[in-house]
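Just the one chain here, the form predicted alone, laid out as structure tokens.
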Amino acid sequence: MTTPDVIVIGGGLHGCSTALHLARRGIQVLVIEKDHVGRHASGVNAGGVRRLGRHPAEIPLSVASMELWHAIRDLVDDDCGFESHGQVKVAETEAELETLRRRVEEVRTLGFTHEELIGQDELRDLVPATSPHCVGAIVCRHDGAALPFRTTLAFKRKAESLGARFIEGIRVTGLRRAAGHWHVETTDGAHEAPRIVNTAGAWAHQVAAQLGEPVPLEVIAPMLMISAPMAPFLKPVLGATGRPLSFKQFINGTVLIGGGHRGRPDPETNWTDLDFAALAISARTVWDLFPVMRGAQIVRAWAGIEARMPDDIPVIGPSRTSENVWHAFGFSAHGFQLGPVVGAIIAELIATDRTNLPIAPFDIARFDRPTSL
């Protein structure tokens, strides 16, 4: 079998996107996934496609990625369930509205205009189901949501159609470099390539540690729950300013509730335990903000395993200890929207050793500086 040019470790959305963009450049790529593609964070997240509320360092990447989302069918031959009805973050008090006002001013100072402050009347027009006590919001009118598992599989299928190979159900157990190639040991034999990419999600720190650059990655399990179908009442994706919330209604009437409350993950067994007391807090938030939900029936809840960095922004870019290695991990429960552009960035770095997008804030060297091997 032909030796690939690149081995990607991890078959989540960022791994599949990297494989696709490499394949589009004619670069032979092999993706190794320890479970199955989309098994963890990429397949079970809330599906938010948002620029709204991004960390300032992420805004340029998020804006670039949104352009790809609005042409997603051209990229992967599938619309990925993407709908662009906007994202809204509501303020329940005048103090929260002032916080949002400052946020919009900050974003504009950075040269971006996608976040817009709206008052109570316009909020009512946009989201009539919002509780009367809400006083305003910020809105990104061209943001939206997509279907995570469908999206990840669409990237995989398109990458495969362009020659990328995927091996699922085997775990990477070791890395070593010899004669200009990386030898990737797995539970089912060894593979080799001159370059590797670490998109291993909640397990990416294990790969980084083998390269001599340990990182303070925290494994988290954000929880979600979904209701039985209800009559249509909501098109935008909703969030709140003073308490965690991600809230949207699907075309079949079911309502997804998330927003940051976490369960307990066990990354060694792929198991997550739900925290029902925290789920009750999410339910209470929805009760307060959307009276229409007070008769809703919750039918299912779950948690995915994700990676969080201490500063809540990812690691994107080259290894600082090892030649021909790149990282893309630690998206801290908000990496779904960035998936299309991050794959393009990594492919560009591999092919040209540069990118026009500002990725310096995501350098792995921002953590404790490693000792080169």
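Given the structure is predicted, the values throughout are model-derived calculations rather than measurements. In case it trips you up, residue 1 is the first one in the sequence shown, and so on.
What comes next is about the form predicted together with a small molecule, which is not displayed.
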The one residue among 30, 52, 313, 44 placing a heavy atom within 4.5 Å of the small molecule in the predicted complex is 44
In the predicted complex, the residue from 196, 88, 200, 91 with a non-hydrogen atom within 4.5 Å of the small molecule is 200
Of the candidate stretches 22-30, 329-337, 315-323, 343-351, the one with residues having heavy atoms within 4.5 Å of the small molecule in the predicted complex is 329-337
Check residue 9 for me: does it contact the small molecule in the predicted complex (non-hydrogen atoms, 4.5 angstroms)? yes
With heavy atoms only and a cut-off of 4.5 Å, decide whether residue 172 touches the small molecule in the predicted complex. yes
is_contact(residue 305, the small molecule) in the predicted complex, heavy atom dist at most 4.5 Å: yes
May I ask you to state whether residue 48 is within 4.5 Å of the small molecule in the predicted complex, using heavy atom distances? yes
